[in-house]
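In the form predicted on its own, a lone chain appears below as structure tokens.
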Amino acid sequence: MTRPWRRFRRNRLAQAGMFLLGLYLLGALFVPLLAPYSPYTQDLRSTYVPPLAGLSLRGPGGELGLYVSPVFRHPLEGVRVDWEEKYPVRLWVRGEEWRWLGISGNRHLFGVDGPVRLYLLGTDEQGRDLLSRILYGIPISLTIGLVAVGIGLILGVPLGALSAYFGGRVDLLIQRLVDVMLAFPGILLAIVLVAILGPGLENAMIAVGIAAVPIYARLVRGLVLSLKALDYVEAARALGASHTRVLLRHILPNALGPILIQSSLQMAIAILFAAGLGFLGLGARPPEPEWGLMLARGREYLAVAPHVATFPGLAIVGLVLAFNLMGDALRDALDPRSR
């Protein structure tokens, strides 16, 4: 395992993917510190504020620094900035109370020392800080990917292994079930399942996970079919090893490489599917800061505030790209033909 891991670490795609994923993981771990405000805090006087509105590099007396002026939306004149008032941006400031992973606090990495709000990425249709909502959406998207991939692994791997190992009627029954599931495009199957289970974030995770089951079942079936005919498996059978022992000790461990590669790529697919369900209104429900739901709400205001849909879309692209890069690098590293 040392040589594939060394190839993986030296792969430029892997380095880029790990860097991107590391940024997202840090964001998910320290989200209440990085987010200046709660993702649910509304300010209807500051709707559709564009990114960096009210920021200036000089204070009231002309001194250099980062300062914020009050920003509000006038019903007739649009976004207005009161440049006569300026408040400094500080690091490690006290702000809104938060509770995360069993820890409570009110400190934030940055904020404004004054009665104004800082909108680095602007605000949405209800005046909520877009940066805070995107940051709080990171753990939601990662959880969706992990749960969906976990369901696909737990159900798909045993089905594929049993189908290939025992063959006969077992293989026929399982593969016909898999064929029925594969007859639907993945996102369509997820939509059908959510329609049956009901809309909601938890049901969306389950639906995306079940949609991944036939992919894992077909992959593992092909791997087990090729592995069960090898000499060391025949030797284990000749020595009296049970079917369970042969599968768990001799076959499946040698199939971990392709399964691991598929899981890294499936994480990206699961995040995209969940975002698509949220976009269609079948995933997370308002006011949850889920990126697909944010995209769906933002599309209604593209002419007025394109940033409301642009930044959640970029967040999805970055996370999906990270998993795709790592999946490609894993495939290259675990390929026995690569040098």
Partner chain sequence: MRKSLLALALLALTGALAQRLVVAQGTDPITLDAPLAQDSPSATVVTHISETLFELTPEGRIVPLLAEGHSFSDGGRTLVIRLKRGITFHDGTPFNAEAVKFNLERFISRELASPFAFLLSELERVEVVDSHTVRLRLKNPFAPILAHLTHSSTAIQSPTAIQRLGAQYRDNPVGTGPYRFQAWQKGQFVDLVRNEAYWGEKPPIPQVRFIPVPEGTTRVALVETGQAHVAVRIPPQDIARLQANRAIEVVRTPSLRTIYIYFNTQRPPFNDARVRQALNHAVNKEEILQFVLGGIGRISDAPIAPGIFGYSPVGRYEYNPQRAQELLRQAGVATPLRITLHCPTGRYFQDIQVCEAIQGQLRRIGVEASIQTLEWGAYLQETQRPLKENRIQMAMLGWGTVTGDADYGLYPLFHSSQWAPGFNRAFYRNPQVDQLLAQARISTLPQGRQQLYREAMTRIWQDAPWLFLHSEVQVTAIRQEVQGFLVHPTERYLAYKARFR
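Numbering follows the first chain given and starts at 1. Just so we're clear, the structure is a prediction, and the values are computed from it rather than from any experiment.
Just so it is clear, the following notes concern the form predicted together with the partner chain, a form of the same protein that is not shown.
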(message) Please determine whether Glu96 contacts the partner chain in the predicted complex, using a 4.5 Å cut-off between heavy atoms.
(response) no
Practice task
Evaluate Leu66 for contact with the partner chain in the predicted complex, applying a 4.5 angstroms cut-off between non-hydrogen atoms, and reply yes or no.
Solution key: no
Any of the heavy atoms of Val304 lying within 4.5 Å of the partner chain in the predicted complex? yes
Review point. Would Ser56 show up as a contact with the partner chain in the predicted complex if we use heavy atoms at 4.5 Å?
Key: no
Only one of 98-106, 137-145, 150-158, 122-130 has residues with a heavy atom within 4.5 Å of the partner chain in the predicted complex, and that stretch is 122-130
Assert contact residue (the partner chain, in the predicted complex, non-hydrogen atom within 4.5 Å, options Pro75, Pro115, Gly240, Gly168) equals Pro75
Residues in 286-312 that come within 4.5 Å of the partner chain in the predicted complex by at least one heavy atom, in order, are Pro286, Pro287, Arg297, Arg299, Glu300, Tyr301, Ala303, Val304
